[in-house]
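First comes one chain, alone, set out as structure tokens in the form predicted on its own.
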Amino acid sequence: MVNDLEPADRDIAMVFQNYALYPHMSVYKNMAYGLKIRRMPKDEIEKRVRNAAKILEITEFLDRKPRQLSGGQRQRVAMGRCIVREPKVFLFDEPLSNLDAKLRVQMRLEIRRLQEDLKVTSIFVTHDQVEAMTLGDRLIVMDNGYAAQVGSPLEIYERPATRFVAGFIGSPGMNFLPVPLSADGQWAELPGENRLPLQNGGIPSHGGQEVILGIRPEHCDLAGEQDGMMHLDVDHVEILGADTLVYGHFGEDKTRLTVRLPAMHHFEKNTILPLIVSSKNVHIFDKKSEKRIEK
């Protein structure tokens, strides 16, 4: 167990959220410092630092101080300091949280490429589900200190084990609707006197009970009159270019719903949109335990 080892013997290299570079040292000295205190030969230090700088494309910055670098360049230096150690495990502690949106995307790709090239086990801690989905081969979603679900990004996206996991993975977040089931558990009674037929024999074990229906924004489509339809009263529209986010409400209790539609759509406020969602794409959670109910 790693807890039984002294920190110096664990062979884990950490990339911190705030870079943690020595401001009075050059980039070269920051990257070489850990090797120097291990009394590594100078020629080996030179080789490792130059090699890491080449991988990270920061060779031209080796003589500069951290204050002369951008946020993205500082983060590369922080990663280079870890690479030169050639550790068994990398630990990334929210390394992109201090960067602007455009730079975060660029550095996300850099970290993924680096991990694939070095083939070193990496643990990446983040609150950003986009980073988790794009960087992770295997995710652990933590809820109040416990692992709520462990699996591949696709597994967790398609079959979230709990309401918490379902709400965390995906952007925008999943819509949650408290709805009663029919007495035989074959239908979900939607607000506005519509109903959604459930596949695979429904959920007879929960017939007549109220459950939480989870619908991802991207799984709603414009539709004509049919079962499973909702009439959404548009409150606000965000046109993003490749797709459009629509925020609105429906039913007498004005249940809120977020919808992601492909391509650009121009809707005025208070426009009534007929929406359809396929029962194969909905997620059902027990109202009390908030655990997934299998259809």
Partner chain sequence: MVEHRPWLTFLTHAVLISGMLLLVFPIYVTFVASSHSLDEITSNFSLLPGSHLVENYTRALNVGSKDVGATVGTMMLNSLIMALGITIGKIAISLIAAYAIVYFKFRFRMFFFWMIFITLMLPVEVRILPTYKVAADLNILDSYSGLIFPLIASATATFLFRQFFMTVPDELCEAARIDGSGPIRFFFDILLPMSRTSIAALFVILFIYGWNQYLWPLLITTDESYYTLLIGIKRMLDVGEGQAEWQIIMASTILAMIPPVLVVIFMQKQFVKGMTETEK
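Numbering follows the first chain given and starts at 1. Remember, predicted model here, so these are calculated numbers, not experimental data.
Separately, the form predicted in complex with the partner chain exists; it is not shown, and the next lines address it.
In the predicted bound form, the partner chain sits beyond 4.5 Å of every heavy atom of Ile284. When contacts are judged by a 4.5 Å heavy atom cut-off, Asn18 counts as touching the partner chain in the predicted bound form.
None of the heavy atoms of Lys280 is located within 4.5 Å of the partner chain in the predicted bound form. The shortest heavy atom separation between Ile37 and the partner chain in the predicted bound form is within 4.5 Å. Put simply, of Arg85, His219, Arg104, Arg163 only one has a heavy atom within 4.5 Å of the partner chain in the predicted bound form, and it is Arg85. Of the candidate stretches 51 to 59, 240 to 248, 26 to 34, 264 to 272, only 26 to 34 has residues whose heavy atoms lie within 4.5 Å of the partner chain in the predicted bound form.
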